[in-house]
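Below you will find one chain, with nothing else, as structure tokens; this is the form predicted on its own, and questions on how it binds or moves follow later.
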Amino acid sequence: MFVSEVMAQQTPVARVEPVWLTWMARWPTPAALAADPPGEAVRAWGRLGYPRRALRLHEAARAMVQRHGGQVPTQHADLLALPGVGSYTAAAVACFAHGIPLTVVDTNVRRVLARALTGTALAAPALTTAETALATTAMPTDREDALLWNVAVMELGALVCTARTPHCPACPIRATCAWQAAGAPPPSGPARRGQAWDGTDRQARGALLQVLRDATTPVTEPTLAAAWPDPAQRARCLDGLIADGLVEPLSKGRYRLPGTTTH
């Protein structure tokens, strides 16, 4: 549950599932992951995106070994204290894995509550204190109802109350939805544009990191140059990967994934 929640951040479940299955087969426990170098976590992360999450998972596994006997902690405060764990992940694991009725607010929940309760087409670009308070107020006080509520609202947002093409005729709360009552007004403010990809530093970082994932020996500068020919952008992105702990520089202009045993 902990691994899947981290992997599913900003990543569709369909992309997460095959990586998660391979990951759990290799590292079924936090202790198993902690025993391997962090670079192996980066390698196994593949193309899920935001690869620093792989390092955070490895750091969290080591913390679990040191603080919790190699087990994923069950208490919200202990989960929140793990490296790289934010409020959403801690609440989701505590709620869905351990039955603790905490407020769980992801993108889907925010959109459902924005439409159903405030009448706006989309939630704010970033989570606000008011949204968290609204989600807490909306959640039932009964423990079992609260646990079911968290799952139901999340699924409603993922399957019915979607961002671009909501399936309003199939929605079970359409009759009480404030957005529908207001005539389903379009989003206010400037249009939200998707992130560009071609030619960006994100694409360059991904290309460089993939070369290192595929390699069984340290990678040289010419090999990286073949993967991304723009020298200035390549140097900038390589420096960023090193600063993020995703790449380890060696002597003679060679590079490898952190802590791996290639020479």
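This structure is a prediction, so every number in the text was calculated from the model and none was measured. All residue numbers are counted from 1 along the displayed sequence.
Not pictured, yet referred to below: the form predicted together with the DNA.
Q: Which residue, Arg62, Arg26, His68, Arg52, is the contact with the DNA in the model of the complex, using a 4.5 Å heavy atom cutoff?
A: Contact check passes for Arg52.
Q: Considering non-hydrogen atoms and a 4.5 Å limit, which listed residue (Thr132, Ser87, Thr120, Thr74) is close to the DNA in the model of the complex?
A: Comparing distances to the DNA in the model of the complex, the residue within 4.5 Å is Ser87.
Q: Does Pro140 reach the DNA in the model of the complex if we count a contact as any heavy atom within 4.5 Å?
A: Output for Pro140 is no: heavy atoms all beyond 4.5 Å of the DNA.
Q: With heavy atoms only and a cut-off of 4.5 Å, decide whether Ala163 touches the DNA in the model of the complex.
A: Although the DNA is absent here, Ala163 would touch it in the model of the complex, with heavy atoms inside 4.5 Å.
Q: Asp201 near the DNA in the model of the complex, any heavy atom under 4.5 Å?
A: Looking in the model of the complex, residue contacts with the DNA include Asp201, since a heavy atom lies within 4.5 Å.
Q: Answer for Ala116 alone: is it within 4.5 Å of the DNA in the model of the complex, judged on heavy atom distances?
A: Ala116: no contact with the DNA in the model of the complex.
Q: Just give me the residues of 88-108, first to last, that have a heavy atom within 4.5 Å of the DNA in the model of the complex.
A: Result: Tyr88, Thr89, Asp106, Thr107, Asn108.
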